[in-house]
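As a starting point, one isolated chain is supplied in structure tokens, in the form predicted alone.
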């Protein structure tokens, strides 16, 4: 297994479980289960024992490995600079070993099978992939300056579709030269990669990079931080010749250039940093700048924010596999209660996965009358009032 030579170096000091000020447990699985085996250090020990045949594979072992949300809090907080930057990759590599041996949990197997057979985790027809765009004014990409890449959640999930449509309308309002792929869009593969299926990921990455090259794509606007992450950091290994931007970065530039002029919106908002936009890629500024550009909007921070943001629990494939699970101690439930504590009316998000996770948690926690989940693009569009 890749990284097998360094996995033994962790001595389980526990820094990886905390925020930078040590006030909160910030590893989603450790926060939920409060067991060492569900901490990053515990996973390192288990992986090392498994590789050395001191531990036999079991369904429970697999669940521990796949419950990791790859939020990168451990990467941020680990004090061992000889391996801290590789922590998430070590866990992904261990999953890769399980994939090769056919030892993955059923929900992981089904997710990967659906991607392989249908091109998306919903087993939905490819011709339905662009239906969300009806009424947006968007057209098929044809030598436009930007390709708007929506992704599987934005294309097929009802909540994601609303976000995709709101952003599409904003891009058209701003007069941007932008197009979509519609039914020809393919899965970006971020979750395939983090679930350990490297061969399927390579196939998806090559398909997308080849398709974008043939179409002459130079700039990509991504709805999802997950797609933003994988296209920006991993697609260059497969010959990608385009730049990838998260949509909040684009919106902030459009607002600065006065191509979008947000209107008055009297509302109290708190913002959740998505792991794949924040900790994985260091973008904390653009989403906040967009929100602060809306007159009347009051932005209040949750106790855990920016690099200390608490994961929604949907990363690492858990949005689809649900191995981390729900309940009052689930990451999404903990996070919406933290949002309510700020006194905000709205929990603003910049990721379709986060939006769905939080809306479900709000219903389960009975907080519908106290908190709404709104995407940043939806808030900007609402402020325009036309």
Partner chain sequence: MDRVYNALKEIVGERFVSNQQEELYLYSRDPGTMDPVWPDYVVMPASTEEVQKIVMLANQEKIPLVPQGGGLVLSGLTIPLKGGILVDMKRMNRIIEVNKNSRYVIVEAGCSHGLLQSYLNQNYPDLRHSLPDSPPISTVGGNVCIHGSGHLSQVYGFHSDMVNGMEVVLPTGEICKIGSCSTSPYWFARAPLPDLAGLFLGWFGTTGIMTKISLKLYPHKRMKDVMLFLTENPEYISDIIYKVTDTEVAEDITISCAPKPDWMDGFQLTSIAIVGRNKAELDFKFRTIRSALASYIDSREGGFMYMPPAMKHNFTEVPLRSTARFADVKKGGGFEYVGAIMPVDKFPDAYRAGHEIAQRCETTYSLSARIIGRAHCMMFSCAYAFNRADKADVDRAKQALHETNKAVLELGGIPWKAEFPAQQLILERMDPNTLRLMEQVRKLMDPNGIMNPGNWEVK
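Please read these numbers as outputs of a predicted model, since none were measured by experiment. Positions refer to the first chain, counted from 1.
One more form of this protein should be noted, the form predicted together with the partner chain, which is absent from this view; the next part is about it.
In plain terms, the part of the chain that comes close to the partner chain in the predicted bound form, with a heavy atom within 4.5 Å, is 72 to 80 out of 72 to 80, 224 to 232, 89 to 97, 311 to 319. Of the heavy atoms in residue 64, some are within 4.5 Å of the partner chain in the predicted bound form. The partner chain is not shown here, but in the predicted bound form it comes within 4.5 Å of a heavy atom of residue 42. Contact annotation for residue 363: none of its heavy atoms lies within 4.5 Å of the partner chain in the predicted bound form. Mapping the unseen interface onto this chain, residue 337 falls outside it, with no heavy atom inside 4.5 Å of the partner chain in the predicted bound form.
Residues of 40 to 55 placing a heavy atom within 4.5 Å of the partner chain in the predicted bound form, in sequence order: 42, 45, 46, 49, 54, 55.
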